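The chain below stands alone and is given as structure tokens, in the form predicted alone.
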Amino acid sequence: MSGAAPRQRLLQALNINGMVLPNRVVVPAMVTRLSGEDGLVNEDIIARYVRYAAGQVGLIVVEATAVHGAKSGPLLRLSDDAFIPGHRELTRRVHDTSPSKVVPQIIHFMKVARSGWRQTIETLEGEDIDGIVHDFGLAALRAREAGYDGVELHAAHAYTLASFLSRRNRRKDRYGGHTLEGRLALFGDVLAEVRSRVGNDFPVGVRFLAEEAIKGGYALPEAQQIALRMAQLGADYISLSVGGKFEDAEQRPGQPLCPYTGYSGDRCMPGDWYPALPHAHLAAAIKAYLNERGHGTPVISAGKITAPGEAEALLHDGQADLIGMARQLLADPDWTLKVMQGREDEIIRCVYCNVCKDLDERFREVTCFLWPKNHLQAPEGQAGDTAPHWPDTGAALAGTGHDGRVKLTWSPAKSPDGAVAGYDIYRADEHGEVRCVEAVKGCRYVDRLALSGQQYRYFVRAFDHDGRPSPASETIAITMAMTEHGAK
């Protein structure tokens, strides 16, 4: 046991319209690319979500699941009764594993082509919109019949409901972007249809954008009003994201547009160059706005939340009701379990390298860089408590600093079963706190973000596939020579 501080709010149950979550940890919907072109739930899909359940995640949101039959590669579907059995097996396996609750995120999307062309909401006729509303209602009903604990409406990123909510909505009719009411009209119709199908006793949440992060897109003030209307309409929880839009996506030759390739995609899944918790203030402001107006609708905050202490503080300070972690829980599905057991120092920390994001953008199976090579799932927790250790002579950590780079090398750590998964690199400058800056699989690391004339201290810890860390290596201090600017 690590003796970590109690996480009272993080591990507290929450009742969402009869769906009692065992804790406040949420894995938001994250595309896996593990399904086939047929859209059926397969064993790999089930294994991914059962793994989260084994790690005691409070709420598991299954990846975007289409409400209609349009082609879109490996994507789960609930567009026909034929898909119900696979989803029923998924929910059964999750429920047999732990008290975790599970809901699917249901989505409608429009056509995109490899040429870069994409369909926009301005081209939709009235009957098309009626069909979208109808499809959402039936998909939600199928979710209930499949044994899910609730359903989440996808109104975020580049997809249909989000495009109607956008300030870039150019329609001129009842659903038009000339008013905020018009932009909200389709969401209202969809939620009403879903309620008519599943009843008032079935939790219906929504994910939408706290900020579009595109030129001309909406930001926090309008997001607060959108959230208020969603709460007024009876959404049972609100999950917040940022960006992920087509408007600034980068066109890759021969590939359809991916909404996570531009600046708004960076904001959606901020990489290691962003600070921790870059979106927490948005969720806090939306939650405060709702609470001040008499709505206690639970709000999920997400975006580079890794440390249990940071998650606990967000809950303790009233900035969120639930904590969403997609990439962190992909890296270590046992995050919650380790917090429960006081093993926080064994958490495998996501380093936000965004290899998973790149795999999704290239329509390849989504895995984590920190997993063993060729694994489709995170490793299972290992029995025993023997962590990696350094040779008797130590880690032999050494480094040099010149030409804007600090280069580190060290000796391989040892483990009784040879299961050293990688190494965490820790760095501190002369005045800052020590923090983990990267994880690597080999015994070399190059720090390209060091300034000349500044002293940095480094040490390394090995970890195994269950996150058990070695003792820290020796610490070394490196100062790069000052660069002579203007020299030729």
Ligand SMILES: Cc1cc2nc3c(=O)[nH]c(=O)nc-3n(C[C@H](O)[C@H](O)[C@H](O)COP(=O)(O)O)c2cc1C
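Just so you know, these numbers come straight off a predicted model, no measurement behind them. So that there is no doubt, residue numbering starts at 1 and follows the sequence shown.
The next section is about a form of this same protein that is not shown, the form predicted in complex with this ligand.
query: Since exactly one of 214, 326, 347, 299 fits, which has a heavy atom within 4.5 Å of this ligand in the predicted bound form?
result: Among 214, 326, 347, 299, a heavy atom within 4.5 Å of this ligand in the predicted bound form occurs only for 326.
field: Partner-contacting position among 166, 91, 105, 79 - heavy atom within 4.5 Å of this ligand in the predicted bound form
entry: So the residue touching this ligand in the predicted bound form, by this definition, is 105.
message: Partner absent here, but in the predicted bound form, which of 458-466, 22-30, 419-427, 39-47 has residues with a heavy atom within 4.5 Å of this ligand?
response: Careful reading of the contacts points to 22-30.
field: Contact of residue 64 with this ligand in the predicted bound form (heavy atom, 4.5 Å)
entry: Yes, residue 64 lies within 4.5 Å of this ligand in the predicted bound form.
task: Classify residue 304 as contacting or not contacting this ligand in the predicted bound form by the rule of any non-hydrogen atom within 4.5 angstroms, answering yes or no.
output: Yes, residue 304 lies within 4.5 Å of this ligand in the predicted bound form.
query: Heavy atom to heavy atom, is residue 189 within 4.5 Å of this ligand in the predicted bound form?
result: Judged by the heavy-atom cut-off of 4.5 Å, residue 189 is well away from this ligand in the predicted bound form.
message: Using a 4.5 angstroms cut-off on non-hydrogen atoms, would residue 390 count as touching this ligand in the predicted bound form?
response: Contact check for residue 390: no, nothing within 4.5 Å of this ligand in the predicted bound form.
Partner contacts for 329-362, taking this ligand in the predicted bound form and a 4.5 Å heavy atom cut-off: In sequence order, 352, 356, 357, 360 come within 4.5 Å of the partner.
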